[in-house]
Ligand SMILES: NC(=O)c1ccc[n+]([C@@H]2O[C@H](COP(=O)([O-])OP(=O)(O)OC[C@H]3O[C@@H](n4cnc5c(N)ncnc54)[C@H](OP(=O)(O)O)[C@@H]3O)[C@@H](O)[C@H]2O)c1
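Starting off, we have a lone chain in the form predicted on its own, written out as structure tokens.
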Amino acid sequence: MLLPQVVNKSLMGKLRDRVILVTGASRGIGRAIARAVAEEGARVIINYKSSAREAEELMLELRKNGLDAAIVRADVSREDEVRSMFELIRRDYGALHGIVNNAGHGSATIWNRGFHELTWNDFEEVINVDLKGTFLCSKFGIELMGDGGSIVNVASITARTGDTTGIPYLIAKSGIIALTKSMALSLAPRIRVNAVVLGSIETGWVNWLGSDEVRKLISYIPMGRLGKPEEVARAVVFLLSDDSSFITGHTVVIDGGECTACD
């Protein structure tokens, strides 16, 4: 359930007084996005599935700094829970101005399985959270959005390149890119829809790799390092704000040049 709101003390910001939902926001990239959105003046709603402690810690941190934050639990792969989440948002806020569909399935076991080891259940586990969750949150979220709303979906450069690991993930992210374009055409001009397409960002998945694998990965990145969640967050703020008011249906690649040959 949503916890009581507080008065937003931020007097400036690109997202001042807008209500923005960030899914999967208790950790990693989602956490950085939620923090950046709040710092830009938004009333941020932090969605989580199982990381209640981390979500509450983030909410309290933001409130301590005079920012407006609430938490709401929902499994984005379950339609009934998504529907209930947006009913709570309608009740407590009355409207919604932005959605960041960041929630993703995390499993080192599935990530490291080669093609011949995969089962269809592996694909379903990932697709249900990443792709189905993006669709469900968008479907119910747009009912609360007026003109000028913005949706930002999170995808991956592996959707463009393919890979020998993380295959269910890249399939789900490919679907998100296609969904982004279709939604942008369907919802324009009232609501803008874009995606951030991420390269190697330093979050928990790096722990799934050995040190040699990490060094090899970095060797492919022209910038010579992994990206930071905060760098993704700044791009998401741009896409949510009026600074990107004439941008819809596009993908913003954040990869340190890793996928330059894909463009």
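The structure presented is a predicted model; accordingly, all values stated were derived computationally and were not measured. Residue positions are given as counts along the sequence shown, with the first one as 1.
Form predicted together with this ligand: not shown, discussed below.
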**Asked** Looking at the partner-bound form in the model of the complex, is R192 within 4.5 Å of this ligand by any heavy atom?
**Response** no
**Request:** With heavy atoms only and a cut-off of 4.5 Å, decide whether I71 touches this ligand in the model of the complex.
**Result:** no
**Partner contact for G98 in the model of the complex: this ligand, 4.5 angstroms, heavy atom** = no
**Prompt:** With the partner left out of view, is I201 within 4.5 angstroms of this ligand in the model of the complex by any non-hydrogen atom?
**Reply:** yes
**Request:** Name the stretch: of 100-108, 86-94, 115-123, 143-151, exactly one has residues whose heavy atoms fall within 4.5 Å of this ligand in the model of the complex.
**Result:** 100-108
**Request:** Please pick, from A184, I177, L170, V129, the one residue with any non-hydrogen atom lying within 4.5 angstroms of this ligand in the model of the complex.
**Result:** V129
**Complete:** Residues in 47-70 that come within 4.5 Å of this ligand in the model of the complex by at least one heavy atom, in order, are N47, Y48, K49, S50, S51
